[in-house]
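This document starts with one chain, in the form predicted on its own, laid out as structure tokens.
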């Protein structure tokens, strides 16, 4: 499978590493809107200007789009679904339906296959939530994120005027987790479950109060949460906030029995040293399914719910049955 990478931020760098580790993947090149001569890759990959993408229409099987969900992916995924099979990690949950149909119309019209919102949440966690609800019709499902750096939320803060750099940590509240596990979390709100903490480097002329207000009132990102904002120096950011660890868990409380007297706890955990590298690994694995689906003339926009697990593997059916079932 021949892969192109659009964007060379943290996720793009992770995709580059994942491609080079996989003998069944050929990385055609990295495409950037920045000066390509100034891009230093980790694996001496070829780098092209985004303006050169048009000339690669017949050389790339899947284009993995590594941009921010706040402003880039809603435009880029739809745009490039015209000429390529595409995969993205769009993670603004409330906007997924709109994003899906915007991409679907373009992909179907041009006989391409697209996968949106692929990563760990949305993505793997979505699959676990659906599995839990399908197994236990009488159930409550809870998702906790962190403690760790949210790439999407950090990117959203960095796009505010006057912000030079930012890290947003999502921190689950321990008391909420305990309530959920004991079956008493039904009335918890998102504010009850998580704290969001932002460390922000700003331009010396920027208005701190204005930026803090803009962060705390940002729809889809912070307005529904308790949010703390701390302004720090560039040096402090470099010293104390370089790591991109993250993780989270999905907890399913299910009930069975004549009177629903039997309780079941289903839990799925992730602990990630590198959020972007794990997300990138998901993108590359699921790209294989999109490539195979397109070869079967299965066009349009897809989500992880549409993926046949056989398609993300390079092993034969017999190998999978023997070793993993």
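Keep in mind it's a predicted model, so treat the numbers as computed, not measured. Residue numbers count along the first chain shown, from 1.
Beyond the structure shown, there is the form predicted together with another copy of the chain, which is absent from this document and is the topic of what follows.
Looking at another copy of the chain in the model of the complex, residues 35, 53 and 294 place no heavy atom within 4.5 Å of it. Using a 4.5 Å cutoff between non-hydrogen atoms, residue 39 does not count as a contact of another copy of the chain in the model of the complex. The closest heavy atom approach of residue 268 to another copy of the chain in the model of the complex falls within 4.5 Å. Although the partner is absent here, residue 43 lies within 4.5 Å of another copy of the chain in the model of the complex, judged by heavy atoms. Contact annotation for residue 210: none of its heavy atoms lies within 4.5 Å of another copy of the chain in the model of the complex. The stretch that touches another copy of the chain in the model of the complex, counting heavy atoms within 4.5 Å, is 250-258, out of 166-174, 215-223, 250-258, 189-197. For the options 241, 133, 158, 147, the one in contact with another copy of the chain in the model of the complex, meaning a heavy atom within 4.5 Å, is 133.
Scanning 286-325 for heavy atoms within 4.5 Å of another copy of the chain in the model of the complex gives 286, 303, 304, 305, 306, 307, 308, 309, 310, 312, 313, 315, 317, 318, 320, 321, 322, 324, 325 in sequence order.
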